[in-house]
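Let's start with one chain on its own, the form predicted alone, as structure tokens.
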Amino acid sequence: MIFCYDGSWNGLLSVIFESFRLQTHATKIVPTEVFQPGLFEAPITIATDEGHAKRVLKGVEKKCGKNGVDLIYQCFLSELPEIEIKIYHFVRTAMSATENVLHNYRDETVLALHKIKKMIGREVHRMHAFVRFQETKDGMLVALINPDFNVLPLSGKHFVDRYPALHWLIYDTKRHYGWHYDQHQSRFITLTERQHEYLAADLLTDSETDYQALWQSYFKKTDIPERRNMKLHLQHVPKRYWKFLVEKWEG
């Protein structure tokens, strides 16, 4: 059975709930907007129901604890192909088992999800290390990101705890939403216009552009070409993040 959903976390959980209710097995679960029907495929579209989603999470937590819920949520944020069906199989396995399957690495699905969670953890760590804020003329600090995985929901609290007295926005230019903190509360926002990967210079304060130039100059002056180890450097700072690092900009 093929199920379509709205692409949200609660939407996926609603699909899992319906598969149990209908006593059928899902062979494919895909967001409606990306589904491409085959000649003999007739998918069932499931509406998101937060009540049903909560019941699924409650069942997973009962069987696998909060770590089980955390595992499938982080894996969902990976946005990897067929991640929905992997999460679905994990939930079905957990529900039918007589003991906690969270660390049953002999199960291919369980092992695969733990590997994905490690990948997510590395990406979150890189976001903590590579986010660069820029001060705009309206007094807000803005950082643009474009991570491989949708890790902003897992990263925001770190910056709230680290910069509680500042007004800032971290915006994912790939997924077109951001985490905004106004010194009192934080929330997810979307912009009416799609944000490019760079902030326009006329949006920044003069002191911000001065600091950027100073930092770039310092970075170049302290560089020792003879001691460069690009292989090691790329392991710690992958090239796909360079466009968000001030010290890597040409200027």
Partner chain sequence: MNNRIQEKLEILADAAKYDVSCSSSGSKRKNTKDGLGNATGMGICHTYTQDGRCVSLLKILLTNHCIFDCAYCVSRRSNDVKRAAFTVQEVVDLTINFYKRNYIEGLFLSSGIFKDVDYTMERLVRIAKRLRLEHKFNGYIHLKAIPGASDELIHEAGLYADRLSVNLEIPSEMSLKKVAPEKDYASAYKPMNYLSETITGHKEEKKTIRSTPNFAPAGQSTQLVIGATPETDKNILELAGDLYQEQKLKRVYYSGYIPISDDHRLPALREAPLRRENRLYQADWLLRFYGFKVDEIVDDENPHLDPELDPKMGYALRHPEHFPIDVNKADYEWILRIPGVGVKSAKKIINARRFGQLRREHLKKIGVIWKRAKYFIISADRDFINLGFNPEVIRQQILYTGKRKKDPNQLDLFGNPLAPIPLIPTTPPPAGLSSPKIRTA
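Residue numbers count along the first chain shown, from 1. C-alpha atoms forming the largest set that superposes within 1.5 Å between two forms make up the rigid core. The structure presented is a predicted model; accordingly, all values stated were derived computationally and were not measured.
Here the subject shifts to the form predicted in complex with the partner chain, a form of this protein not shown in this document.
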query = Non-hydrogen atoms within 4.5 angstroms of the partner chain in the predicted complex: do Lys63, Phe149 and Asp202 all have one?
reply = no
request  = Using a 4.5 Å heavy atom cut-off, state whether Asp172 contacts the partner chain in the predicted complex.
outcome  = no
message = Check His233 for me: does it contact the partner chain in the predicted complex (non-hydrogen atoms, 4.5 angstroms)?
response = yes
message = Given that the partner chain is not shown alongside this chain, does Asp161 nevertheless sit within 4.5 Å of it in the predicted complex, heavy atom to heavy atom?
response = yes
message = My question is simply whether His89 lines the interface with the partner chain in the predicted complex - judged by any non-hydrogen atom within 4.5 Å.
response = no
ask   = Can you pick the one in Glu41, Glu33, Glu197, Asp223 that has a heavy atom within 4.5 Å of the partner chain in the predicted complex?
value = Asp223
query = Of the options Leu166, Met95, Met119, Ile83, which one has a non-hydrogen atom that comes within 4.5 Å of the partner chain in the predicted complex?
reply = Leu166
message = Looking at heavy atoms inside 4.5 Å, which stretch does the partner chain contact in the predicted complex, given the options 207 to 215, 64 to 72, 51 to 59, 187 to 195?
response = 207 to 215
query = Of 104 to 133, which residues get within 4.5 Å of the partner chain in the predicted complex if you count heavy atoms?
reply = Asn104, Tyr105, Arg106, Glu108, Leu111, Lys115, His125, Met127, His128, Ala129, Phe130, Val131, Arg132, Phe133
message = Aligned on the rigid core, do the two forms place the Cα of Arg227 2 Å or more apart, comparing between the shown form and the other one?
response = yes
